[in-house]
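One chain comes next, on its own, written as structure tokens: the form predicted on its own.
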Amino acid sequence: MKYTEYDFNEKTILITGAAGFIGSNLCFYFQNNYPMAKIIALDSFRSGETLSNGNLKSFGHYKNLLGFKGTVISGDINDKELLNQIDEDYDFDFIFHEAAISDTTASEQDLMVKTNVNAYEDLLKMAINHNANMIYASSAATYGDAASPQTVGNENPGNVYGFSKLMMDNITYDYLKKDLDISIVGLRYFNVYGPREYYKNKTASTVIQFGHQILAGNTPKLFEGSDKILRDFIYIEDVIQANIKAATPKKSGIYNVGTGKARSFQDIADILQKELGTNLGTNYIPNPYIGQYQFHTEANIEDTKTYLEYAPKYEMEDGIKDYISEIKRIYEVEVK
């Protein structure tokens, strides 16, 4: 499905974080819909390097790009020499910037700010140099424990990740004061789930984690009161839609990308069991994060609808139904 009448054929598109969850889905969206587009996929790819919390520094995985026919570059967006070389070698029309240290539990504040904030400005300068529209991943983490519906302008980040994304947005606002010939759009993703997220390991969505628990014959584990813990869960196809619409927006700015509807973790477990034909019940465990846990997120998407002409198409039931065959495939290939 094409999400815009704009023709990306013959355009050169840089996608950072291209071996990650959202970046790889963007790569295949352009490849499948605009075969004459030139796609440059930049990712640091994973190594054995970990953060202090034990999680991988990079989640990029080659398997997310199996079947991709564009140009793949392995490199770190903090490498200024690499960015300068890419700047010289290509003439970009669009930059989709998905690369980041996205682990919300990471304590390396220096690396988080360097990677998410400083490298973003370097890439933004590249976009301006190439007269290329910039679309980048901000985050609902900018809101922290702000009341629902979360609305742009009412931020309260509760960790360094959310802080770094808010600083990216502040850079955007500063550049938008200038007389630029490009558009700049920051997209604040809420709780995204869907194909190609598995290699995020423990940071993958509860949808695939619950799905694999159920396929293993285990009762899904939920925190007590999970029917009252609500999140704005958004299927990857709607996130891709938002990115494509953001490439040629009516207005530059920062926009929420969610469904505008809060759903519970209990809903996820129940829908999965229905789709998988199981009746394992639910195993409730104490919530150790009381006092530091968001109990309700819901994106205010009115501006997103107005200025990006974005309209979410997937209810949770639709998204999980569409995703279920991939959850099963990953279980058979990677988990079982």
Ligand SMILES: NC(=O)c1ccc[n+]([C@@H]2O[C@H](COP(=O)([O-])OP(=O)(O)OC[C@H]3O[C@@H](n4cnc5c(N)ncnc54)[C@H](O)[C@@H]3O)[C@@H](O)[C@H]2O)c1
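One-based numbering along the sequence shown. All figures in this text were calculated on a predicted structure; none of them were measured in a lab.
Beyond what is shown, the protein has a form predicted together with the ligand; the following relates to that form.
Enquirer: Just to confirm, with a 4.5 Å cut-off on non-hydrogen atoms, which of 241, 115, 172, 150 contacts the ligand in the predicted bound form?
Expert: By the 4.5 Å criterion, the partner-contacting residue is 115.
Enquirer: Tell me, which of 190, 163, 94, 265 has a heavy atom within 4.5 angstroms of the ligand in the predicted bound form?
Expert: Residue within 4.5 Å of the partner: 190.
Enquirer: Which among 54-62, 269-277, 299-307, 30-38 is in contact with the ligand in the predicted bound form, heavy atoms within 4.5 angstroms?
Expert: It is 54-62 that comes within 4.5 Å of the partner.
Enquirer: Report yes if any heavy atom of residue 246 sits within 4.5 Å of a heavy atom of the ligand in the predicted bound form; otherwise report no.
Expert: Close contact is absent here: in the predicted bound form, residue 246 is far from the ligand, nothing within 4.5 Å, heavy atoms only.
Enquirer: Verify the contact flag for residue 200: yes if a non-hydrogen atom of it lies within 4.5 Å of a non-hydrogen atom of the ligand in the predicted bound form, no if not.
Expert: Residue 200 belongs to the contact set for the ligand.
Enquirer: Look up in the predicted bound form whether residue 87 has a non-hydrogen atom within 4.5 angstroms of the ligand, and give yes or no.
Expert: No.
Enquirer: Verify the contact flag for residue 213: yes if a non-hydrogen atom of it lies within 4.5 Å of a non-hydrogen atom of the ligand in the predicted bound form, no if not.
Expert: No, residue 213 stays farther than 4.5 Å from the ligand in the predicted bound form.
Enquirer: Each of 133, 186 and 254 having a non-hydrogen atom within 4.5 Å of the ligand in the predicted bound form: is that the case here?
Expert: No residue of the spot touches the ligand in the predicted bound form.
Enquirer: Do any residues of 56-85 have a non-hydrogen atom within 4.5 angstroms of the ligand in the predicted bound form? If so, which ones, in sequence order?
Expert: Contacts from 56-85: 58, 59, 60, 75, 76, 77, 78.
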